[in-house]
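Just one chain is shown here, as structure tokens, and it is the form predicted alone.
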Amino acid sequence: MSSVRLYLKYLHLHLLTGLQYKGWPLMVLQVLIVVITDPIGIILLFYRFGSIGEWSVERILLIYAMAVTSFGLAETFCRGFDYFPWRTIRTGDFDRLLLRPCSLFVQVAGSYFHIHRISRVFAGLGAIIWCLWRLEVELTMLHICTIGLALIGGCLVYAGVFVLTSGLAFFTIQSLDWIFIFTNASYQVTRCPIDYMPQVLRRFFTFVMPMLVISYMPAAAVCGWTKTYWLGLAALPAGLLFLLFATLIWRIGVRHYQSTGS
């Protein structure tokens, strides 16, 4: 409980600090515009050429919005690990964290919080609600819980990607740009209908990085695209397993850390 209180204290302080900057509403608006305009290309294509089989633009946007919202949650509440390789390891600030009698994981996770990033979450939630309405899906308590668990599981998956990057940074802080394939670029794969997705990509984003588990499967369960509803509830366990694996890599990196030279 002390670690939770410390983390919430970090968020509170960063929130107050961010509100001191008078331009924060413009930053929120900027991210919101980027998120809203990002899928415009695929929307225009669908409205110009129509649906692809059973795949309508609302189906694609629902899966896409699930992934974007999950990423936004991780980006908002686990931003410290995203910055860790470049602003903590490289500068030597991690040595200072080691001297504090507090959880290293909590210190790093709460070291950064950008208020404008939360606009990605609100935009994604708005898109989810709009798509469900257009698809005429009845929002029962089971459906709401399925979507909520999927978003939590997706947040854990993306947080695991950030933690995994930080764990690898203990061995090399160079050549880590490839990690953006699994963050900003990974949710772009949900724009492709799963029926037309190459088998290699489908398996990778199901069993290695469970992108489809946290986006397509919950959407399919809620909208009735599949008869195996329990697959829609697999997002949270998948997120926990992925985060546990990433945390293991992180702990191995911490044990091998030998400080940073100039």
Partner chain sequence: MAQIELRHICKTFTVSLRPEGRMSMLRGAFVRRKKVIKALDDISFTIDTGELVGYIGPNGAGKSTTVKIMSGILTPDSGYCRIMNRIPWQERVAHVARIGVVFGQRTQLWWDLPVQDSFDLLKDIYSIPFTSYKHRLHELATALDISALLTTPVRQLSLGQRMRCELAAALLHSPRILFLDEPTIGIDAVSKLALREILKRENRENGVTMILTTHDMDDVETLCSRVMVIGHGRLLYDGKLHRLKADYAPWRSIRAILTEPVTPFHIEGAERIKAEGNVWTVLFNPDIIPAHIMVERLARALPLRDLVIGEQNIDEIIAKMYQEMCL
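Positions refer to the first chain, counted from 1. Because the structure is predicted, anything quoted here is derived from the model rather than measured.
Keep in mind the form predicted in complex with its partner chain is missing from the figure; the text below concerns it.
Asker: Quick one: which of 146 to 154, 126 to 134, 93 to 101, 79 to 87 gets within 4.5 Å of its partner chain in the predicted bound form, going by heavy atoms?
Answerer: Looking at the partner contacts, the answer comes out as 93 to 101.
Asker: Non-hydrogen atoms within 4.5 angstroms of its partner chain in the predicted bound form: do M27, T37 and V222 all have one?
Answerer: No, the whole trio is out of contact, none within 4.5 Å by any heavy atom.
Asker: Taking heavy atoms and a 4.5 Å cut-off, does F245 contact its partner chain in the predicted bound form?
Answerer: No - in the predicted bound form, heavy atoms of F245 and its partner chain never come within 4.5 Å of each other.
Asker: Do R251 and its partner chain come within 4.5 Å of each other in the predicted bound form, heavy atoms counted?
Answerer: No, no contact at 4.5 Å.
Asker: Scan 117 to 148 and write down, in order along the chain, each residue with a heavy atom lying within 4.5 Å of its partner chain in the predicted bound form.
Answerer: The stretch 117 to 148, when checked against its partner chain in the predicted bound form, contributes no residue at the 4.5 Å heavy-atom cut-off.
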